[in-house]
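In the block that follows, a single chain appears as structure tokens, in the form predicted on its own.
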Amino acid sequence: MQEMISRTPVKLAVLGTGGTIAGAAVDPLDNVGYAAAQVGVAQLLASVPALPRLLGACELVTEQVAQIDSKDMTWAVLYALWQRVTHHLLQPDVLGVVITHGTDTLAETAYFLHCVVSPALLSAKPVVLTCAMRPASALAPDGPQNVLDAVAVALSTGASGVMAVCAGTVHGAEHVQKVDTYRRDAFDSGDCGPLAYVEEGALRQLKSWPEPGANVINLAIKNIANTDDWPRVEIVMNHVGASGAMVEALLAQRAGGPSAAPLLRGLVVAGTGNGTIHADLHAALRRAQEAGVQVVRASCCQRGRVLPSGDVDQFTDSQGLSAVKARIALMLRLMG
């Protein structure tokens, strides 16, 4: 492993949020019928026998921020996670933060933190998310190795920015996507490729550490603590026979006055191919835009980005972000 930053005393914060990595099943051969978020983060770390040797003189500080299946991730949990990450990064003796997380929404959480954690903090210290595709009770769980790899990345000299580590591969928060439903190497960075590999505890770095999020998005930071009314942004998808019915229903609710649902502020359309949109859906999105709803155009494709293409350019493109990340970016812009 690369030489650890020499500063004493030093600590590494590990924040638990639940997920498959903390999951348990009755049968150790059952890798899909488990209950997520059953094992606490301290117990999870205790199951990694090589961890003390990797840490050396570095002390672990653990905190259970949440204990959920990541499919059930909420804005309240993300807000709490942002607060706790910021708290730990501000401590002068903390080298960085590792977060144990479920795989389903890991990419969204990573991108959210990339956008809202102070650039000054992220340019000096790393935030490393890790996960597992097999529960802790599995015959061959992948969580312990992923934790070990994440810690190795977090302790690497000069490490900074928000990253995700899974199956020995290090991805930047802006580009990481979950691309497989079952295999342990479930994440990919599309055209950008991985940042590094962790091999036998040593980091083989391919690219520079990720830069913090754009300043225009970080303007939302000061507003997050002042409101519980997060802007409502929904995702609609293009497909064969796509109509504007979903958009019209959302617009009707918006026009209907006060209701239990927050006012619709934005829409992200996950287009086909180069962000292409069915004519009927396109017309409905135009009506939404005219009604004051901000519309962003993304693509369902895992690789490539939306390029300028005729009348669909009436909608802002996602700047290469996936639909779910474009939704987060739009929400933060609406907060700014």
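Given the structure is predicted, the values throughout are model-derived calculations rather than measurements. When you see a residue number, it is the position in the sequence shown, counting from 1.
The discussion below concerns the form predicted in complex with a small molecule, not included here.
Residues 19, 103 and 132 are all found to lie within 4.5 Å of the small molecule in the predicted complex, as judged by heavy atom distances. In the predicted complex, none of the heavy atoms of residue 265 sits within 4.5 Å of a heavy atom of the small molecule. By the criterion of a heavy atom within 4.5 Å, residue 69 is counted among the residues contacting the small molecule in the predicted complex. Proximity of residue 184 to the small molecule in the predicted complex: non-hydrogen atoms within 4.5 Å are absent; the residue sits far from the partner. The closest non-hydrogen atom of residue 254 lies beyond 4.5 Å of the small molecule in the predicted complex. With the small molecule left out of view, the stretch that reaches within 4.5 Å of it through heavy atoms in the predicted complex is, among 91-99, 132-140, 78-86, 189-197, 132-140.
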